[in-house]
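Below, in structure tokens: the form predicted on its own, a single chain.
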């Protein structure tokens, strides 16, 4: 059961500035705990696995709703829910029984260290983690320069690794694993409290029960649509919030200069929302080449629209919105993250171009 408690929205909004700036005494664990209590983390997860049921659109809408108030909270919501998606989609019943309940209740944070894997899937770079398999264990070595939702000493990160014979795996790695080192939090322009850091794997040895999939090249394409569509919820939420703020700020003095752009952006948002609803209804196993292109294009268009909406919000509100404590100033720092969120807009557009030349996408 999902609670639509307005108190949650108010508290997310109150926390937004502190989390974006990384203020002492505040962390995203508070938001994750509230999202778990509200039932948001279980949306789209079958009830048979302890979830709340529903579909992918329900998840994307929830991420958008949270992101309207606080993109830092929306982002770690996406991280946690993406990790949950990996485990739910796995054939590993041990992880589903032992780890999934902890993730749904936010007892641990779930980090998606698959940015490198998505680039690998697109042919952009090689996997950064190397795996060695013996009869009972997998040993991991390598370095990830970026992963988020890494609650200190209480996280599990999903990573992709490659063996010497060319196989690729997806593995869940707990923070307690010997040989795993988390760096200090990276200094970010915004979303500072998102528990974003580096990870070093120095002969991290785990039993096979921590393997999410031993065929990453099959598993990753299966979860990529949900991965990208849930990311769309981040931009969707920011765009909706900024659109509301502009509506409150248009008047006789600025309307003549801004109304045309505002109306065009609003029409574009309606069109993209329609596409989002449609793509969320497509079975991940039945995604056509055309739909894959539409998904990439949707993620690009929604992100660019969110950036443009926030810029327009600044113009509509004027100089007062440029003061650092303002919500607009916070959204300017928040939204600047979305174009570089992996897969970045440059990576998506590069892949679209590359595969257009080859006549395929997946």
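Positions refer to the first chain, counted from 1. Please read these numbers as outputs of a predicted model, since none were measured by experiment.
Below, we refer to the form predicted in complex with a small molecule, which is not included among the displayed structures.
Enquirer: Is it the case in the predicted complex that 83, 168 and 211 each bring at least one heavy atom within 4.5 Å of the small molecule?
Expert: Spot residues vs the small molecule: no contact at all.
Enquirer: May I ask you to state whether residue 112 is within 4.5 Å of the small molecule in the predicted complex, using heavy atom distances?
Expert: Yes, residue 112 sits close enough to the small molecule in the predicted complex that at least one of its heavy atoms falls within 4.5 Å.
Enquirer: Does the small molecule come within 4.5 Å of any heavy atom of residue 119 in the predicted complex?
Expert: Answer yes; at least one heavy atom of residue 119 falls within 4.5 Å of the small molecule in the predicted complex.
Enquirer: Quick one: does residue 124 come within 4.5 Å of the small molecule in the predicted complex, counting heavy atoms only?
Expert: Contact check for residue 124: yes, within 4.5 Å of the small molecule in the predicted complex.
Enquirer: I'd like to check something about residue 188: if you look in the predicted complex, is any of its heavy atoms closer than or equal to 4.5 Å to a heavy atom of the small molecule?
Expert: Yes, residue 188 sits close enough to the small molecule in the predicted complex that at least one of its heavy atoms falls within 4.5 Å.
Enquirer: The small molecule isn't shown here, but in the predicted complex which of 268, 175, 196, 96 has a heavy atom within 4.5 Å of it?
Expert: Filtering the options by heavy-atom distance leaves 196.
Enquirer: Among 246, 147, 292, 131, which has any heavy atom within 4.5 Å of the small molecule in the predicted complex?
Expert: Contact residue from the list: 147.
Enquirer: Of 33 to 41, 64 to 72, 316 to 324, 332 to 340, which is the one stretch near the small molecule in the predicted complex, taking non-hydrogen atoms within 4.5 angstroms as near?
Expert: Heavy atoms within 4.5 Å of the small molecule in the predicted complex occur in 332 to 340.
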